[in-house]
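Shown below, as structure tokens, is a lone chain in the form predicted on its own; questions about how it binds or moves come after it.
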Amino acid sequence: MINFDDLKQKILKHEIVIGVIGLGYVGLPVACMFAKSDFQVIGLDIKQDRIDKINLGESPIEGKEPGLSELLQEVVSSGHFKATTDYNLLSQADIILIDVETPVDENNRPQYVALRGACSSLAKVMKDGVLVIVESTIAPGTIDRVVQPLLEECSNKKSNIDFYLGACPERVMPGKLLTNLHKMSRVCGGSTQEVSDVMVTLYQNIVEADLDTADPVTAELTKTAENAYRDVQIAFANELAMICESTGADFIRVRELVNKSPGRNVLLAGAGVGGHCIPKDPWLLAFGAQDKTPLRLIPAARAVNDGMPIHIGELLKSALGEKGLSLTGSQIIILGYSYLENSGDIRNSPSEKLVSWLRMQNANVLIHDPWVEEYKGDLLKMAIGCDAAVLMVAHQDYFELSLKELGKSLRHHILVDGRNVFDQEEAIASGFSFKSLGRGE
């Protein structure tokens, strides 16, 4: 067993070595921030091309991430951060953070291939007394049911004797990685109170926000619950928007008036929910129930939000029909392919689902996105000869788009707005047959 007071002192003196497994959207900025705080950091990833770029001081993360490229260059140049594919180097680490993907499968059950692989490989090299902290978002009970047994089995060591465990789920969004890591509160869920206290001492070096102690399952629950709660809120807004369409009302106005009532905060409706977190984290929360609790709300919210891209497709179908056109054979340009505005992150993109559905209807689809390398280009030139345009992502570029110029490019003046970016009166005045999410006829 280790002396936790001694470990705290080593942290305070920056004498520990920190390992970070997984150098993606979470692991890389975390590693850089600890390296910036004068810790020696060893980053590990299984992708050699990513390692090569990082060791050259080049960020492999696409999209605009303020300060990350500069910070990476600084910590690589200073020698405080080194990336590798070799797990043996983690034998030097006193504290190891795990930041790997934790997706769900087609049945919405956790797929811990990366997590299991990381744990089994780490277990063979980790030294006695090491503290292993899982920062990935995981289903409640995963530390106890997956991580601990696997580390024990593959290392012949015992938890809370030979090594220690914690869960400290990340809270980041693309485009704000460093800011979120620095300013967002964290839950330090340790296998014992002493472990939680050590975690607080560690994270105080990079977090300027509350660091709350808990047990691992509470930390796991907190992260999955906050994203499930968000998903439910979005689903309510989306369903309300569709009700407004059916009743001939304006969702934006209804939302404004509802939110004047104390304690009400209806979110904006939208064309779908994407990204790596919200589409899967509610299912991770649900999985934690282990079939012991009837689940009604979480699956219903997921169904509403997953169905929004197809709802936008139906709005398009209706708009075309009013002009005597069919989806079959029509040429449609999609505005936006990332899942988030002003970002190049396309993980679980709602636009991808819409595009697939349109192609199944035998429509011809073009895609424009100023943030996604594959889909960059001159929008007005790409729109020439298209029968309709569908806005799916509220990129700033589209707020600045001239509808009159867009209308000159399109063969038919049909515009569907899935994010309420465009002003309805302006669109109609520009000659468009215009449909917008949440706005009835």
Ligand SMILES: NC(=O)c1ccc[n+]([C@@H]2O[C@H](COP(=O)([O-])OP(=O)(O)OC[C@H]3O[C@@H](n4cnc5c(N)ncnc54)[C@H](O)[C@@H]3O)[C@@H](O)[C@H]2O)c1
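The shown structure was predicted, so the numbers you read here are calculated from the model rather than taken from an experiment. Numbers for residues come from their place in the sequence shown, where the first is 1.
FYI, the form predicted in complex with the ligand isn't displayed, but the following is about it.
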**Asked** Looking at L165, C244, V198, V100, which is the one with a non-hydrogen atom within 4.5 Å of the ligand in the model of the complex?
**Response** V100
**Complete:** The one option of I310, I206, A289, V172 with any heavy atom within 4.5 Å of the ligand in the model of the complex is V172
**Message:** Contact check in the model of the complex: S343, H395 and V416 versus the ligand, with a cutoff of 4.5 Å between any heavy atoms. Do all three pass?
**Reply:** no
**Asked** Thinking of the ligand in the model of the complex, which stretch from 371-379, 385-393, 40-48, 408-416 has heavy atoms inside 4.5 Å of it?
**Response** 40-48
**Message:** in the model of the complex, is there a heavy atom of the ligand that lies within 4.5 Å of any heavy atom of G24, even though the partner is absent here?
**Reply:** yes
**Message:** Taking any heavy atom pair closer than or equal to 4.5 Å as contact, tell me whether I332 reaches the ligand in the model of the complex.
**Reply:** no
**Prompt:** Heavy atom to heavy atom, is C277 within 4.5 Å of the ligand in the model of the complex?
**Reply:** yes
**Prompt:** According to a 4.5 angstroms non-hydrogen atom cut-off, is W283 in contact with the ligand in the model of the complex?
**Reply:** no
**Request:** Heavy atoms within 4.5 Å of the ligand in the model of the complex is the criterion; list the residues of 133-147 that meet it.
**Result:** S136, T137
